[in-house]
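Below you will find one chain, with nothing else, as structure tokens; this is the form predicted alone, and questions on how it binds or moves follow later.
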């Protein structure tokens, strides 16, 4: 029996996708957890940027929102939001955007707006915030989310943030977006990467103990698997220690 949970496996794997050379635009929730774990372990020089204008922030606890004072208090500096988007994001100075999603399709398009019909939704979600701009302006996009047929769907109820559109070169040809787009999807079951030609997400590694059948059962589209599919490396003790300490501090701080 493993000494870590599927969620811990997901966060550690997502954290490993970042390097100390990255400038990362961070979404709240799972992306924030993964990005800060990377900073606390193998990538201390990682630069974290949040939508509220905080540059080089080093939170001791995970923020509840982009307006959490922890981000400003621990940042190298805080700039106006228009400067954040125009100079840093649209200026091509952010290497990675780290996002989550309520719904995701096989081409990496994201829904964080509504579940159900837009005019009469079953659930109204928080919305796009800065994610639509992050999705098209960062050098590439990593997505981290828990996997189920409710979250990985064949068709989105609403497209909030552009991935690879309808697949292939649609992102550039139809929308004129030349950044790389979604390049990695990390879930609690596996890692997926877009096929070089079709851009459809393809499983490139399974987490320890996870089977193909589990992935298929928890994917709303027809799951695709790479010819060579190694096992995702398990979390190291130091990674789990850092993650658990971060979450414990956060729980204590937020009551």
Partner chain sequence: MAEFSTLEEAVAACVRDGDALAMEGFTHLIPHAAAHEVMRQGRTGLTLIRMTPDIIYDQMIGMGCASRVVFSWGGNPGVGSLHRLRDAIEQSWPNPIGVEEHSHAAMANAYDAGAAGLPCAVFRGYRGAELVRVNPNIKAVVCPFSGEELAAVPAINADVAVVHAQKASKKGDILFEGIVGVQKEAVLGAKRSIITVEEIVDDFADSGPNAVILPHWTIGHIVHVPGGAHPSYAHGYYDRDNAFYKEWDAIAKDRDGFRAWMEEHVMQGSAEDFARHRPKRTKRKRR
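Here the structure is a predicted model, which is why all the values come from computation and not from measurement. Residue numbers count along the first chain shown, from 1.
Below, we turn to the form predicted in complex with its partner chain, even though it does not appear here.
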Would you point out which of 140-148, 180-188, 99-107, 84-92 contains residues with a non-hydrogen atom within 4.5 Å of its partner chain in the predicted complex? 84-92
Can you work out whether its partner chain is within 4.5 angstroms of a heavy atom in all three of 65, 74 and 78 in the predicted complex? yes
Can you work out whether residue 168 and its partner chain are in contact in the predicted complex, taking contact to mean some heavy atom pair no more than 4.5 Å apart? no
So, in the predicted complex, is residue 254 in contact with its partner chain at a 4.5 angstroms heavy atom limit? yes
Would residue 49 count as touching its partner chain in the predicted complex under a 4.5 Å heavy atom rule? yes
Is residue 69 close to its partner chain in the predicted complex, meaning a heavy atom pair under 4.5 Å apart or at it? yes
Suppose contact means any heavy atom within 4.5 Å; which members of 103-127 contact its partner chain in the predicted complex? 113, 118, 121, 122, 123, 124, 126, 127
